[in-house]
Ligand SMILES: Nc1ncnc2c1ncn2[C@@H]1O[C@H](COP(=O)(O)OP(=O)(O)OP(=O)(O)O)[C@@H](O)[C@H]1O
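A single chain, nothing else alongside it, follows as structure tokens in the form predicted alone.
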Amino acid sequence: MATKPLEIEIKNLFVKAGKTTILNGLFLKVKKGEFITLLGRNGSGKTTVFKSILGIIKPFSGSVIISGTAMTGAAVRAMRLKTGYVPQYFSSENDFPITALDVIAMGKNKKQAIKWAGEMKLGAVVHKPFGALSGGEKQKVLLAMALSREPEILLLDEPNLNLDMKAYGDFMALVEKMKASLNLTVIHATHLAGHIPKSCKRIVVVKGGRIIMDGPKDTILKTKNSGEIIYG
């Protein structure tokens, strides 16, 4: 039987924390090989979308469907093996005995960790404590960890945090190279409209736990009063 093309479909998703609604009837569909950006102010629900895809958060109602399969139980565990996730934060004290290679190996195994450390050109820092690395080095380590899972989906949650523009540009160039070579489906989240990667062709604007705009990058960014719509 032929495998269904990988597609992410979120249907009428509600996520609550106590009495607070974080995602409010959210719908989203992402096709295999797409590179999209979730754009919205802090607290708009972007990270919760990622945690819902990963099955970390159980929705109040609605569903996440990947390749035609609802993400519950064993399906969540199986999909996590196909998903690489670069979180906003992964911190440790400078002298805590966890090396860059240890962090990369969390993604799968030591052999794959060594391979991806090489791909990311991390040889000079691979045995240093993770907490002692620069912001750019940490992001490359986390990307190597995500890619060591040999994923089909790559989730990037605010990768611009703690990076200057050059380091962020270098990081995203690396992501774009890996996307092309591995045919990854990439969902990138940011609160900064000026940080949309070149390869991203579609922007999905999240506000108040809903998607309020969804379309080609140039169309969204050139919409009259787009700043007020997104951040107001």
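Don't overthink the numbering: it's just position in the shown sequence, from 1. Computed from a predicted structure; not experimentally measured.
There is another form of this protein, the form predicted together with this ligand, and it is not shown here; the text below is about that form.
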property: Among the candidates 99, 88, 162, 112, the residue which, in the predicted bound form, approaches this ligand to within 4.5 Å (heavy atoms); result: 88
property: One residue of 41, 195, 179, 202 in contact with this ligand, assessed in the predicted bound form (non-hydrogen atom, 4.5 angstroms); result: 41
property: In the predicted bound form, segment of 24-32, 44-52, 168-176, 61-69 with a heavy atom within 4.5 Å of this ligand; result: 44-52
property: Contact test in the predicted bound form: residue 212 vs this ligand, heavy atoms, 4.5 Å; result: no
property: This ligand contact in the predicted bound form: residue 158, any heavy atom under 4.5 Å; result: yes
property: Sequence-ordered list of residues in 208-232 near this ligand in the predicted bound form, where near means a heavy atom within 4.5 Å; result: none
